[in-house]
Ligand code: BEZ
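Have a look below at one chain only, the form predicted alone, in structure tokens format.
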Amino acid sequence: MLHNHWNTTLYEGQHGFVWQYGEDLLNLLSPQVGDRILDLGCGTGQLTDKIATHGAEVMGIDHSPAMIEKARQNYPHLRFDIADARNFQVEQPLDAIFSNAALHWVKEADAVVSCIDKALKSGGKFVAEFGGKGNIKAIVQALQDALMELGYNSPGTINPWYFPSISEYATLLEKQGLEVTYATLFDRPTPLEEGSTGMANWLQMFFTSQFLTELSSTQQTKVIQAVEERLQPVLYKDGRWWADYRRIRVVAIKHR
């Protein structure tokens, strides 16, 4: 279960790539002056602010109170609210919904898509990028092996993410009545911060603090060390760790 305990300092300080890689996604969004846009899963607000610089009327929502608090501190001139992607509502129909690196955290994707459809006006656009099929495959396998070996968890319970294929996600959108106009799945090997602690920090940020909260800090450290040992031959190169990311990127239009 996702415990929603985010370390915003670690997120902003050493995982800025999460939003930096999303900047070129804004080209697909192409925000216009006066557009009403929702940033779904806005994190600490960097991309919400970039959307606003185009003259759009933008609001960010995130399930994490810590992320929203930090976003409000970062950009006090913008509106940020705590909300759940599975049941959010908006006051007026939107011109666009934007989401970067967030939707793989929500396994109930059909509920998310239903909310997106209801929130968009006719002709409205949904633009998203998140983890796709095969994302962090090596990391997930190493986690499963390490947890099983250490006796902390059964392998089938530790993949909390939603990583769909193009056909799976496009079908979900089309069933809701959204027309998919663009979809791609691509590899994005991503460098973590330089030095030997990159993978440990990534695991602490995105896994152990969220899904292994029943373990003590000592036990969590054992898991991280076991994962690092398994991954070093394949994901540690030239003095730094890499994450084996694969991303799905989609654009869909509501026509009714």
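On a predicted model such as this, the values are computed, not experimentally measured, just so you know. We number the residues from 1 along the sequence you see.
FYI, the form predicted in complex with benzoic acid (BEZ) isn't displayed, but the following is about it.
**Q** Given that benzoic acid (BEZ) is left out here, which of Leu173, Ala142, Ile136, Leu94 has a heavy atom within 4.5 Å of it in the predicted complex?
**A** Of the listed residues, the single hit is Ile136.
**Q** Would you mind picking out the stretch of 215-223, 66-74, 24-32, 200-208 that comes within 4.5 angstroms of benzoic acid (BEZ) in the predicted complex, counting non-hydrogen atoms?
**A** Selected range: 200-208.
**Q** Hey, in the predicted complex, does Trp161 get a heavy atom within 4.5 angstroms of benzoic acid (BEZ)?
**A** Flag for Trp161 set to yes.
**Q** Hey, in the predicted complex, is Gly131 touching benzoic acid (BEZ), heavy atoms inside 4.5 Å?
**A** It does: once benzoic acid (BEZ) is placed as it appears in the predicted complex, Gly131 has a heavy atom within 4.5 Å of it.
**Q** Does benzoic acid (BEZ) get within 4.5 angstroms of any non-hydrogen atom of Tyr245 in the predicted complex?
**A** Because a heavy atom of Tyr245 falls inside 4.5 Å of benzoic acid (BEZ) in the predicted complex, the answer is yes.
**Q** So, Phe88 and benzoic acid (BEZ): in the predicted complex, are they within 4.5 Å at any heavy atom pair?
**A** The answer is no: Phe88 has no heavy atom within 4.5 Å of benzoic acid (BEZ).
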